[in-house]
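Read the single chain below, which is given as structure tokens and is the form predicted alone.
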Amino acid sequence: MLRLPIFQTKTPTNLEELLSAMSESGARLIAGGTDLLPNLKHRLDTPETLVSIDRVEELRHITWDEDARALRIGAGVTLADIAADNEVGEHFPSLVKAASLVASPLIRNMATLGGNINLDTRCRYVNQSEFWRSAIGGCLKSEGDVCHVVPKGRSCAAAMSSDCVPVLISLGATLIQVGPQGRRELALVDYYSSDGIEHTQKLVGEITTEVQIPLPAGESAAHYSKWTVRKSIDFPLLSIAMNFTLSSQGADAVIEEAIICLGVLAAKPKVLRTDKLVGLRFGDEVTASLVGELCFKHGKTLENVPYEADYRRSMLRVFGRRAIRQLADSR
């Protein structure tokens, strides 16, 4: 049995108290705990104090900003609440789908959007028991000095496995961070780095408070697709989020802009260059084939999750084609 380490807990009731608690040495934020607690059991993290956001109501809201024409979602909102929100589903169906596909109903009732955005990277060599890791001498992210995925590499190649992040990036989401340095806004796509250890741009003592998603300016179509061996519980082995701006609503709609974001390749989501799709008919088979080829060509897979890298890459082509076909058929 894997046991939790000993730690203290704090339960602030507002954002000011939360920031104060997080400023103390050895403090670690906990929301639903669906990612953090398994990591504690594996001794991948050993904080002195866990600071809960459970009683901070300021972090639990889904509101519309009419002036900014954007949806605002608090970091403490659960994935289950996002998946069940009719207004979110009307404007951002790909986000609702991503939230509804995370793990199991029990986990979605606990897991939060902020937690999914700050999900720790995962790797087949590090997300194991402390005893298992000791057999291979650890790795860059745990007790060793080598990345077993890329032995000659200088950084950790653990993968970002969040379901919601690729979707939010494809929708042009903005992240709100609050900390000792004050409040700052940054595009979510700029929040991540390619190093699996320090994979976010979070500053010391800073917390995620909110995500803002702009409403589409015109006709749009968005989709999320992921592949797992099992239909529940599993982290994705690959994921694809896409968002298209279209010339019209009909079957002859032409693509004016396309954003495709791939997940579970590395520590940083991969945003593809999609210039070749602009001007093509949305529902054409040629367009679907090109989307599949773009995913395959630019989706470099590594042996960082428990499935063969070459097969995962071939599945990118398949899921890319399927995703845009399903999206076109649903219109």
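It should be emphasised that the depicted structure is a prediction, and the values quoted were computed from it without experimental measurement. Note that residue numbering begins at 1 and tracks the sequence as displayed.
The next section is about a form of this same protein that is not shown, the form predicted in complex with a small molecule.
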Do residue 219 and the small molecule share at least one heavy atom pair within 4.5 Å in the predicted complex?
-> no
Look up in the predicted complex whether residue 107 has a non-hydrogen atom within 4.5 angstroms of the small molecule, and give yes or no.
-> yes
Partner contact for residue 111 in the predicted complex: the small molecule, 4.5 angstroms, heavy atom = yes
Should residue 32 be classed as touching the small molecule in the predicted complex when contacts are defined as heavy atoms within 4.5 Å?
-> yes
Assess the spot marked by 102, 115 and 208: is the small molecule within 4.5 Å of a heavy atom from every one of these residues in the predicted complex?
-> yes
Using a 4.5 Å heavy atom cut-off, which stretch among 242 to 250, 82 to 90, 179 to 187, 226 to 234 contacts the small molecule in the predicted complex?
-> 226 to 234
Tell me, out of 119, 96, 213, 259, which residue has a non-hydrogen atom within 4.5 angstroms of the small molecule in the predicted complex.
-> 119
Residue (of 55, 28, 281, 43) lying close to the small molecule in the predicted complex, criterion heavy atoms within 4.5 Å | 28
